[in-house]
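Take a look at this single chain, the form predicted alone, given in structure tokens.
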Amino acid sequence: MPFKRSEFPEGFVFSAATSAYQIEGHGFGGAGLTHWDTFAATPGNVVRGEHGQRACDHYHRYEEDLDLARDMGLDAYRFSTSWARVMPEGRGAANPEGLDFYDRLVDAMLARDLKPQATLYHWELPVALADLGGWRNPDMPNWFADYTETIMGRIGDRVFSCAPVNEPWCVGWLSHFMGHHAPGLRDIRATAHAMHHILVSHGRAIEVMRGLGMGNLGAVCNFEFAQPVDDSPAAAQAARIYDGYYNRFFLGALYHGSYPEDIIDVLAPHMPHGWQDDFTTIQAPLDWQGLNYYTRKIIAPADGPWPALKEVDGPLPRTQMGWEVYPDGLHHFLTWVDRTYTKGLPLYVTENGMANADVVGRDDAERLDYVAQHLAATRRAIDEGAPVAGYTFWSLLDNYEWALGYEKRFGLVHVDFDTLERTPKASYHAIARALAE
């Protein structure tokens, strides 16, 4: 691994991330059903119909997993809390077993000198709220605020940081416009309502956590570098639209108090009533911005209704997900976000990693190379003045990869999904040695 800790600024936080539904085992501990349970139970939605009822059984094995994070030399551990584990119906009574679990989990991190980096929502909506329209429902911000107060009233005094929603684009666009994730819709009006209500919910959660006396609160957005397929004006326009609804929509709301004109001009007729009045809530002040980054997309114009674009295969090496390896995109976003939106706010790479067809005993050299290239891009951004404060590996463990089931392996630790045995990969050991230097 061609880096060492001393090459990064003093206090730079190295972390690894997971999410609740992907590893915990949702069939344990009194958790309520989520829309991922019903999505996975519908034929054709998920590879082999696989679900998260057992996953990695982190619910029972969390101490072993946190030992792996500590022994790797990490400074922090990024995790999410499950709304349906905390409040099985999404509203009303809390689940004591769920609250106790997150209490134990945070204490176990602190006992290992791992900073707890919390996320309130990583895609698993309680099914009772999904039945009421989920993110399309204008009451979602209030329900989310109540959930925030319930869980952070219990663990908020001990977490290092917290972000309300992981990857709003996936929660909104991927799930309501493209239909690839729960709830599996393909509806522009549902998309416009969901994307807006996600942002209002984010703002309400920040307000609640401030009221609890919490600090170090941020947002976590995902980014993809949109590159035109050629030099034509039509290709440039298609890439601009992709960049608009993927990268600029959420940042524009959070930091400029507006949506990009080239996107909202189309979405406005489908937006919820009074959306223009919500930016004061959406713009609740933040302490940091998180960036999840994996790849670029080559964009070409296409026939059909807006957005009238398509993705085209590029020439670069690809991960098991079929995503091109393009570390220059991470450098671009770290510098562009700072320059255009956050203006000196600390930035964290909150997810970065690759899926690879790993087997126990084989060197995962591809992952080592991917990580090395993206850490180099991060260092280059820091050298150019970007205030990058940390880098997070996705993921600590092989886990449930949503609609792709269990076959896409992002982990630094191999998980045998039959026996649940954990085996650190070569990349885990190489990163551990680099962090120890």
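When you see a residue number, it is the position in the sequence shown, counting from 1. Note that this is a predicted model, so its numbers are computed, not measured.
The same protein has a further form, the form predicted in complex with a small molecule, not shown here; the description that follows concerns it.
J.: Would you check whether the small molecule, in the predicted complex, lies within 4.5 angstroms of a non-hydrogen atom from each of 15, 117 and 288?
T.: Result no, not one residue of the spot touches the small molecule.
J.: Sort through 247, 95, 319, 166 and report the residue having a heavy atom within 4.5 Å of the small molecule in the predicted complex.
T.: Of 247, 95, 319, 166, the residue with a heavy atom within 4.5 Å of the small molecule in the predicted complex is 166.
J.: Using heavy atoms only and a 4.5 Å cut-off, determine which of 331, 204, 122, 297 is in contact with the small molecule in the predicted complex.
T.: Only one option qualifies, and that one is 122.
J.: Among 367-375, 28-36, 394-402, 46-54, which stretch sits within 4.5 Å of the small molecule in the predicted complex, heavy atoms only?
T.: In the other structure, the partner sits against 394-402.
J.: Using 4.5 Å between non-hydrogen atoms, is residue 22 touching the small molecule in the predicted complex?
T.: Answer yes; at least one heavy atom of residue 22 falls within 4.5 Å of the small molecule in the predicted complex.
J.: Is residue 292 near the small molecule? Define near as a heavy atom within 4.5 Å, in the predicted complex.
T.: Contact with the small molecule, yes.
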